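We begin with a single chain expressed as structure tokens, specifically the form predicted on its own.
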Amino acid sequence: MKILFVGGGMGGTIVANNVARRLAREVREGKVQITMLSATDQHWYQPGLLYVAFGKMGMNDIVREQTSLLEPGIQFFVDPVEEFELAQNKVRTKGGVVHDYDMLVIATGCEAVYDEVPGLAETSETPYTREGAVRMFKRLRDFEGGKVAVVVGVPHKCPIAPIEITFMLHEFFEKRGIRDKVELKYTYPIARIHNIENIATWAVPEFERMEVDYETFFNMKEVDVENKIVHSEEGTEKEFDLLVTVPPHRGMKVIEENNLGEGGWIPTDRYSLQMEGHENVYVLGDTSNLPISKTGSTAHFQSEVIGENIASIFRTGSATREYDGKVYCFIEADQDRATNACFNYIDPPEIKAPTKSMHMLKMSYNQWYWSSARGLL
């Protein structure tokens, strides 16, 4: 049996390791071949970019060699896929190599895009890219006061991030002693300040405590670079001296170019995580079109389901588990506090008051991540 993983991010790495451990004997005996194709030999802990942007972590803290995270027996190649030939159960890489498979797992992720909002790339700071996180820290370090606007594009990965960024901006300026010189403004595209109602309900009094001005129904249309104004589709505007954005995201171009899914999002069964119309193709994490949070924890919980099912199909001919939509997110607050949100397809999150112990747990996870990527946590 040939099992092919396309994408070496968190989701692809965890599920490949999961399968390699479950089928370790079969891999040793040559009955199972596990291959991973990636665009890079480096593995980045993407949530760590938020801490880089606020000077709490360095770039060296959030990167490892991909091969150091993979189980023995996984064949790894830096040679991204350019063509998916699903009807023939094979893919073709940039290097011209053809890989056939019996089972395919697609975990190509998504990326921030700026061209949908004119002027956004020239004016905004963001922790969503490596270059952006470094630049944002420099801007924050040198900022002496004025209007700071946090503006959110859709769709985007890590939906908790806009709330966290706002808390961390408030704390950052307080610690610098210039919070009284900063007008902190927050916008959100729908009728409340977060798409998950319980999170929005919890966050409103917190924002009011921090004296954060917030506006809902604000969808970015364009940025007036010269006059430093963000215009919304609804006809309103926000002036800024510093613009911090959660940029819109799209699935990877290779998915669209191969007509696997509009916007780069692959149509995926919400329970089996199989690509619609293809029983031997699994999709996880940011690559799917499922209307759930695009976070590392989502990919983690999905990986456990996919890993168990692939091993079960090999050994018994049938899958044994379904994904219930489980997501777990830490939420950074100010004053070295944090809370969390845990929910699934049926049960909404219950948000508790932030605590210092939860913040410590969050900071510890930043170090435990590498064991998590190995699938050991």
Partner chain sequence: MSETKVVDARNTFCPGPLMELISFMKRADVGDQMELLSTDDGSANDVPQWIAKVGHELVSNEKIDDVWHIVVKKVK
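Residue numbers count along the first chain shown, from 1. Quick caveat: nothing in here was measured; it's all calculated off a predicted structure.
Not on display, but discussed next: the form predicted together with its partner chain.
Using a 4.5 Å cut on heavy atoms, which of Gly146, Pro155, Pro267, Pro118 is close to its partner chain in the predicted complex? Contact with its partner chain in the predicted complex is made by Pro155 alone.
Which residue, Asn89, Asn219, Thr129, Thr123, has a heavy atom that falls within 4.5 Å of its partner chain in the predicted complex? The option sitting close enough to the partner is Asn219.
So which of 288 to 296, 165 to 173, 200 to 208, 134 to 142 is the stretch with heavy atoms within 4.5 Å of its partner chain in the predicted complex? Looking at the other structure, the answer is 288 to 296.
Tell me, yes or no, whether Gly307 is in contact with its partner chain in the predicted complex, where a contact means a heavy atom of each within 4.5 Å. Gly307: no contact with its partner chain in the predicted complex.
Using the partner position in the predicted complex, report whether Gly263 sits within 4.5 Å of its partner chain, counting heavy atoms only. Yes - in the predicted complex, heavy atoms of Gly263 and its partner chain come within 4.5 Å of each other.
Consider Tyr188 of the chain shown here, and say whether it contacts its partner chain in the predicted complex, taking contact as heavy atoms within 4.5 Å. Although its partner chain is absent here, Tyr188 would touch it in the predicted complex, with heavy atoms inside 4.5 Å.
Would Tyr345 count as a contact of its partner chain in the predicted complex, using a 4.5 angstroms cut-off between non-hydrogen atoms? Tyr345: yes, in contact with its partner chain in the predicted complex.
Pro159, Glu233 and Pro248 each touching its partner chain in the predicted complex (heavy atom, 4.5 Å): Each of the three qualifies.
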